[in-house]
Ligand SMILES: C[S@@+](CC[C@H](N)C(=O)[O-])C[C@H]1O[C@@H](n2cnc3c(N)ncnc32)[C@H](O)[C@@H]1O
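Quick heads-up: it's one chain on its own, the form predicted on its own, in structure tokens.
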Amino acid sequence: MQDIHKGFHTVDQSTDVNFLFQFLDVADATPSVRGYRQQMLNLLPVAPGQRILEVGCGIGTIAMQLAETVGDSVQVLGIDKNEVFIREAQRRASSRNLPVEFQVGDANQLDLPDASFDVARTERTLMYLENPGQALDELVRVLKPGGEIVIFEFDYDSTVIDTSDRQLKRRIVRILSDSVPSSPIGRQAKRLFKERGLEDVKVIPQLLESNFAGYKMVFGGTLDKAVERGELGADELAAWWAELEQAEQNGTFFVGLLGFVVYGRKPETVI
């Protein structure tokens, strides 16, 4: 089973990028993902004429949707560190005649001028960075005075799972949380926004539910690797999946991933 989290770290070396494309397409269509994206738009509606930056754009789904809103000239820029994602985004955008561009870039060192965007956004990206604060510094730097930023990030330590073995559940949540460099970024985001001088900071928690198939698709590969490393017993993992699969068949399966939509505005003037 493919380790999706590791796959997003090393997409350009992945042997099954089509699997990652498929995963992103499935995720984009889920009600939970659509729900938090609507919350992002509620906090920060986009408007024609705005310059919008999407960092960690993946295969370009959101950047293209935003480009449908902002006007006829190129106003939306999508950036991702993975060249294969950027090529796929460019391929998908090529027949749509949208005001959007895609380019390979590093969230920690954006090759963009200061104060050049009205809006900056990112989702499910900062958790993969060793130093998400540096990426936020860059997002704030490229915002115009009065520009706005909105993000969505998980807090994997706060995952809720209905299971009988509480001790095993805690161990598995820890293993999954430790599988990404900055798994608690969701709870840290308000402080990080405030530390960077952003104003009118708002935080909206979102609980994203998953079915059994989706949960196993996202985390199964990570847990398989934990067994290989000796952090988890093969029998323990088998029992874990068996209980959750039985719950799915009984209609009682419940997993909730806690995330946060966080908004802030760059001051009009720097004191």
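When you see a residue number, it is the position in the sequence shown, counting from 1. Only a predicted model underlies this, so the values are computations on that prediction, with no experimental measurement involved.
There is another form of this protein, the form predicted in complex with the ligand, and it is not shown here; the text below is about that form.
Not displayed here, the ligand is approached by Arg37 to within 4.5 Å at the level of heavy atoms in the model of the complex. A residue is said to contact a partner when one of its heavy atoms sits within 4.5 Å of a partner heavy atom; Asn108 meets this definition for the ligand in the model of the complex. Although the partner is absent here, Glu228 sits far enough away that none of its heavy atoms falls within 4.5 Å of the ligand in the model of the complex.
In the model of the complex, the ligand lies farther than 4.5 Å from every heavy atom of Ser183. Of the residues given (Phe85, Phe102, Phe117, Phe193), Phe85 alone sits with a heavy atom within 4.5 Å of the ligand in the model of the complex. Proximity to the ligand in the model of the complex, taken as a non-hydrogen atom within 4.5 angstroms, holds for one residue of Val255, Leu258, Leu24, Val17, which is Leu24.
For a residue to qualify, one of its non-hydrogen atoms must sit within 4.5 Å of the ligand in the model of the complex; all three of Cys57, Lys81 and Arg124 qualify. From the list 28 to 36, 240 to 248, 43 to 51, 201 to 209, the contact stretch for the ligand in the model of the complex under a 4.5 Å heavy atom rule is 28 to 36.
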